[in-house]
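Only one chain is given next, in structure tokens, and it is the form predicted on its own.
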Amino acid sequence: MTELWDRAMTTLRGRLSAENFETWLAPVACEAVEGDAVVLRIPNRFYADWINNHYATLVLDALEEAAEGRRPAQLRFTVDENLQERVPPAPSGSTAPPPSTLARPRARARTTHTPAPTPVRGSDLNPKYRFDNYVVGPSNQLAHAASIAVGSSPGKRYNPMFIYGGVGLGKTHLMNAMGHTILGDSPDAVIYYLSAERFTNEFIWSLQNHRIDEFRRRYRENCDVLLMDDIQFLAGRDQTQEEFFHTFNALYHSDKQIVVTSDVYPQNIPEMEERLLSRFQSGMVADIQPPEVDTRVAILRKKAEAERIALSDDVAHFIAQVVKSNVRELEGTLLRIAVKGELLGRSIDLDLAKESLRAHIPVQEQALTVEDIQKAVCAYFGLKLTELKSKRRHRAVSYPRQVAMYLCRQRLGTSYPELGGRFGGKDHTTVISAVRKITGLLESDDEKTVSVVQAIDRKLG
């Protein structure tokens, strides 16, 4: 049961803000399963009311996913005062009363002073997120290299650093890895790693409690490295943006390292002040794209090794072909298959993987693949697939290869780095050049190219 709870907690960590997760779920432990109920141990009775009112459905959903479809009907709670030491001193990021105290009558609650929110320190970085277990591929190579440089020389290179990319692609992993590297070299360094949401909540609290000078000293004077996740949260919050702007300037002019992450490119953040965007873009801006298939396979192997899961090559490649969105979903899929195999007493083979994925992914029509397009092009030009993927530059091979790359890009939207890998390890710039060349020939109505593309298009359907 402990393992299932750990898997459920991993899911919940990805669905809640860091503050709410650490405040309301991290202090909770799983006691047992009794009939159709899951018994959770909590630090005090206040947790039972708050979790039931705000997170019960999310917790039950996560447990259902971890148990492969077996959903508990309800949550039950038992107080374990030994868990009180896990409770944070203040629920920064939450609108609830402090969970470190039991619920009190409303009249007394009004006179209770909420303690100041405590920033996350370097010692609280996630120990699992380090450079040595970060899988590098074409989709994240730049962000990874820049992060290593920042970790080695904070405040001297790539300051500020702005990392952007979708959910679950590894931004937080890189942030934590930088923090660990800096602390390894300078154990006394003061590192504040927090989300923009937490920064906002602390700022508001400080204003309301007349402690703004203390807040500013903490972040402007007593900080060596500021690592801030989800900077897009500041969008539309004029007063917080103003405060962060001055914090940014104070740190930057003191050669203190600043790293922020976002889900979009700086200029695409709505309602963000231009002066902040200008500062974000003054340093290193690195993106992280969804991983290519080879990188996805490497991620699965790394996760399997860490979790001691026996994973064959055919199963790893199958999962990597099906799950393409992000690293978190990829790892979660592997863990769900492992749990199912454990519950059924089966080894993780291709049949189990296919059964498990059918239960979670809608049935789709047979999709066109890169290989389908490559074979159609080879058939049209009378080439072998090995020739298409070779390094030969003769026009008899290079032209069909360019057509195939163009069709893959247009029909499948495959990323340039992934296409380079699928065509024999070509650089992504080679793919970009090929797509541009065929596009130009089509736009100029080159008869041969128009005829070739139309003919192969018809064959592909």
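Numbers for residues come from their place in the sequence shown, where the first is 1. Computed from a predicted structure; not experimentally measured.
One more form of this protein should be noted, the form predicted in complex with a small molecule, which is absent from this view; the next part is about it.
Colleague: Thinking of the small molecule in the predicted complex, which stretch from 126-134, 208-216, 377-385, 150-158 has heavy atoms inside 4.5 Å of it?
Modeller: In short, 126-134.
Colleague: Can you check whether G168 is within 4.5 Å of the small molecule in the predicted complex, heavy atom basis?
Modeller: Judged by the heavy-atom cut-off of 4.5 Å, G168 is in contact with the small molecule in the predicted complex.
Colleague: Against the small molecule in the predicted complex, would H173 count as a contact residue? Criterion: heavy atoms within 4.5 Å.
Modeller: H173 belongs to the contact set for the small molecule.
Colleague: Since only the chain is shown here, I'm wondering whether R328 would be in contact with the small molecule in the predicted complex (any heavy atom pair within 4.5 Å).
Modeller: Contact with the small molecule, yes.
Colleague: Any chance N140 has a heavy atom within 4.5 Å of the small molecule in the predicted complex?
Modeller: Close contact exists here: in the predicted complex, N140 approaches the small molecule to within 4.5 Å, heavy atoms only.
Colleague: Which residue, I299, A286, L352, A338, is the contact with the small molecule in the predicted complex, using a 4.5 Å heavy atom cutoff?
Modeller: It is I299.
Colleague: Relative to what is shown, are the Cα atoms of C223 and G14 closer or farther apart in the predicted complex, where the gap shifts by 3 Å or more?
Modeller: Relative to this form, farther apart in the predicted complex.
Colleague: Would one find the Cα atoms of G14 and R336 closer or farther in the predicted complex than in this form, where their distance changes by 3 Å or more?
Modeller: Between the C-alphas of R336 and G14, the gap narrows in the predicted complex (3 Å or more compared with this form).
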